[in-house]
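Only one chain is given next, in structure tokens, and it is the form predicted alone.
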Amino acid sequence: MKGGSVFPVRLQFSKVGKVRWTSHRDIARMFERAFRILELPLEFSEGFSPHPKVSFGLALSTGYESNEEYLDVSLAQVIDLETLPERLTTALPAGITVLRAVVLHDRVPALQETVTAANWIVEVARDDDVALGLDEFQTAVDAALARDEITIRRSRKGKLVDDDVRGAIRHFRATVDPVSGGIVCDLEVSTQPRSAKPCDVLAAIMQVTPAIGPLVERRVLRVHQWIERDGARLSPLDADARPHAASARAS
């Protein structure tokens, strides 16, 4: 969030269930509508077509769920943040829950510029109904992690490009879910300077070990996002919040 503002606020929200099929752009519209319903004192941009000063963090792919999504919004006056998450949640569709709100320092960098890593939980299976064994899958993962480079073809801005995604994979470990019996993966990826989605990581594994078969994501959940500064690893809510100001109230 570049530029000063009277009351810059960062929100954490979750997106789970059927709403996961809603696009990033439509989620932005839903929040703007919720802001209007609550009659929040939004700051607007200048120019011919003013719009609310709202900035979202890393886009979440359609079909993915998340426990940690973030947005920054500039308000024209101080408001009570203690009740804001609950009030906003009631004005949003089912599946979107605003969890926390903090007030930021002025002129903090945009979320998309500062988030450096993300953690995911990914349920993986074969796309041909053939059973996927944990040992064979982890062996394929280890083979991919042993590589210095894995170039895959993926779409970027509507064009197919060849990208090396190996450098973005920080951690990948598979286990068996005790309830479903399926394979669940704990994945961490960088978001800068190169990033990789869970589907990109599975594509890399299939390229290194084609015999593993056609892999598919059954469920993908983003569980954490991180801002890393000077050796510290911080959540986006903690990194730029004013001390003890998250519960600031209007006087």
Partner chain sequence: MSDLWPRIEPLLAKVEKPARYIGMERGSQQPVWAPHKVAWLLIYPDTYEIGLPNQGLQILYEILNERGDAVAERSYAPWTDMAGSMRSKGLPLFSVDTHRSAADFDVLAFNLSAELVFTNVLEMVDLAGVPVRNVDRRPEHPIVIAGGHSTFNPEPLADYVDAFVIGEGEEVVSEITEVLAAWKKGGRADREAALHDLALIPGVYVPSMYHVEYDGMAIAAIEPRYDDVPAKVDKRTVADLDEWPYPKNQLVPLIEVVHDRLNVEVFRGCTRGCRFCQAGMITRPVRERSEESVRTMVAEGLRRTGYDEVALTSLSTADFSGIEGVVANLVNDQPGTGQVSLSLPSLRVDAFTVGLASQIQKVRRTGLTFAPEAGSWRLRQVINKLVLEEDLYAAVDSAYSSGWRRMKLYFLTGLPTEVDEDTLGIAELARNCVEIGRKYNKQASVTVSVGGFVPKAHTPFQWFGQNGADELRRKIGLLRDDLRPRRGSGAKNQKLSNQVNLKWHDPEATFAEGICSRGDRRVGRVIERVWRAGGTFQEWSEHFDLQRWLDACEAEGLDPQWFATRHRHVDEILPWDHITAGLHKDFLWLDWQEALAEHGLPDCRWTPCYDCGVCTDYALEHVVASPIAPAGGSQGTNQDWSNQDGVAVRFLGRKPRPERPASDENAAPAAPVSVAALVPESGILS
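Since we're looking at a predicted model, the values are computed, not measured. Residue numbers count along the first chain shown, from 1.
Only in words, not in the display: the form predicted together with the partner chain, which the text now covers.
Colleague: Just to confirm, with a 4.5 Å cut-off on non-hydrogen atoms, which of I37, A59, C199, M206 contacts the partner chain in the model of the complex?
Modeller: The residue in contact is I37.
Colleague: May I ask you to choose, among A146, V161, A94, V130, the residue with a heavy atom within 4.5 Å of the partner chain in the model of the complex?
Modeller: For this set of options, the contacting one is A94.
Colleague: So in the model of the complex, does R219 come within 4.5 Å of the partner chain, heavy atom to heavy atom?
Modeller: Residue-level check for R219: yes, a contact with the partner chain.
Colleague: Applying a 4.5 Å heavy atom distance criterion, does V19 contact the partner chain in the model of the complex?
Modeller: Close contact exists here: in the model of the complex, V19 approaches the partner chain to within 4.5 Å, heavy atoms only.
Colleague: Considering non-hydrogen atoms and a 4.5 Å limit, does the partner chain approach K53 in the model of the complex?
Modeller: Although the partner chain is absent here, K53 would stay clear of it in the model of the complex, with no heavy atoms inside 4.5 Å.
Colleague: Going by a heavy atom distance of 4.5 Å, is V223 a contact of the partner chain in the model of the complex?
Modeller: Result no; V223 lies far from the partner chain in the model of the complex.
Colleague: For the interface check, one of 110-118, 147-155, 84-92, 175-183 should have non-hydrogen atoms within 4.5 Å of the partner chain in the model of the complex; which one?
Modeller: Flagged stretch: 84-92.
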